[in-house]
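Given next, in structure tokens, is a single chain: the form predicted alone.
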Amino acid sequence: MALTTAPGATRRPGRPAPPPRQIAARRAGLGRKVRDNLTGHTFLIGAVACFAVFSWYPMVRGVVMSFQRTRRGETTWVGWDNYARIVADPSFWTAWKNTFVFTGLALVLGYAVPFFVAILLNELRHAKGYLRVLVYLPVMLPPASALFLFKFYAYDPSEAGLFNAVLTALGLPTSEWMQSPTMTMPAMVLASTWMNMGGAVLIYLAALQNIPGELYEAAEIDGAGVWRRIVHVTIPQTRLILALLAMLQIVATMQVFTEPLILANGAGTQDSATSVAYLIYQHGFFQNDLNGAAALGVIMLVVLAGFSAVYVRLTARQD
């Protein structure tokens, strides 16, 4: 039976098949790309699997557990009851107050001090390498060891303690340090700053060394002193690094846990050291309230995500 074409219609010729050589070349090119990227894909699969198992799954599981209640092996959905119970606990607000105080003091001391130490090291002409190692040395110590050093040696409330001995030599009144509700938080911030400032100092040093020297020379010609050079040259040129480390500082200090656990034995005098992270630890391991701990963890996640969103918004406007 012959095929006919309707009047006025144009017959489209069929697309010719590619020659065999072209097909073979395409297959060879595809195989070469797969072989070239096989190593990278293998490493990527491993990293994604690690994140999925050890980061993403626990986060999703924690959110699910925060809406459940487990009693004697039976799990039931309770909606927002865990959140309401956690928020009604007076220790919830005490922990958040202490956490925000610690974060604020850490921004004043632990954020500004490394920046000015980096400026000082950058201005030195001799023994730069030695001083960098000296500044970074506390970071290489295990956090528990460093905190026990502060607890039993520096913060000893008797006159045998390092800081009290210095105060006595200067004719100043001594302190009870971690046994004093008013000094607990500053003492923890001081120890945390000493332990962690080395990494920030090295990052600031790398940023400072990328500032063109012509800018400082022009400022000196205009009669700018040291402080004006810092304000009008150094800080604007390191603005992005300063903003990034400020965000990282907030996220890290709001999860403070090791300092109150070791220095203040957890809660501290009159709950002066209870942090949100330590409260999660209490609910999960002392009160066997995993669902309440999960709800508190989700609240912290939301708060930190809010800070991160504000940071992204502000940096996007500045760019």
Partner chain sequence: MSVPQYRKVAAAALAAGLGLSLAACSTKSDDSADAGGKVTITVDCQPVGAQKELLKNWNDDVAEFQRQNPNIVVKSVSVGEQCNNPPDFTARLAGGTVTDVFYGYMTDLQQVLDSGQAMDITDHVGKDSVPTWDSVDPALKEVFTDGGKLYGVPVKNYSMGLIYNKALFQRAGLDAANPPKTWAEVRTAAKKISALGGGVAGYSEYSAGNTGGWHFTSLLYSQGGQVLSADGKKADFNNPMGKQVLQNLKDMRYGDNSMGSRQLLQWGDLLTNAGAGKVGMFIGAPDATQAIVSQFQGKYQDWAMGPLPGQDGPAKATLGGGEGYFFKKGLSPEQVKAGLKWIAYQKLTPGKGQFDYVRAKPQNYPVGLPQPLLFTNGSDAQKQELDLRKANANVDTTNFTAFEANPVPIKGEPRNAQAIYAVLDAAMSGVLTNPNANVDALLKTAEDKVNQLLAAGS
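Just so we're clear, the structure is a prediction, and the values are computed from it rather than from any experiment. Whichever C-alpha set is largest while still superposing within 1.5 Å between the two forms counts as the rigid core. Numbering follows the first chain given and starts at 1.
The same protein has a further form, the form predicted in complex with its partner chain, not shown here; the description that follows concerns it.
Peer 1: Is it the case that Pro157, even though its partner is missing from this view, gets within 4.5 Å of its partner chain in the predicted bound form, heavy atoms only?
Peer 2: Pro157: yes, in contact with its partner chain in the predicted bound form.
Peer 1: I'd like to know if Gln282 sits close to its partner chain in the predicted bound form, meaning any non-hydrogen atom pair within 4.5 angstroms.
Peer 2: Taking the distances in the predicted bound form, the answer for Gln282 is yes, it comes within 4.5 Å of its partner chain.
Peer 1: At 4.5 Å between heavy atoms, is Phe152 in contact with its partner chain in the predicted bound form?
Peer 2: Yes, Phe152 is a contact residue.
Peer 1: Report yes if any heavy atom of Gln237 sits within 4.5 Å of a heavy atom of its partner chain in the predicted bound form; otherwise report no.
Peer 2: No - in the predicted bound form, heavy atoms of Gln237 and its partner chain never come within 4.5 Å of each other.
Peer 1: Scan 85 to 117 and write down, in order along the chain, each residue with a heavy atom lying within 4.5 Å of its partner chain in the predicted bound form.
Peer 2: Going through 85 to 117 in order - heavy atoms within 4.5 Å of its partner chain in the predicted bound form - the hits are Arg85, Ala88, Asp89, Pro90, Ser91.
Peer 1: Can we say the CA of Leu44 moves by at least 2 Å between this form and the one not shown when the core is superposed?
Peer 2: The answer is yes, as the C-alpha of Leu44 shifts between this form and the one not shown by 2 Å or more after core alignment.
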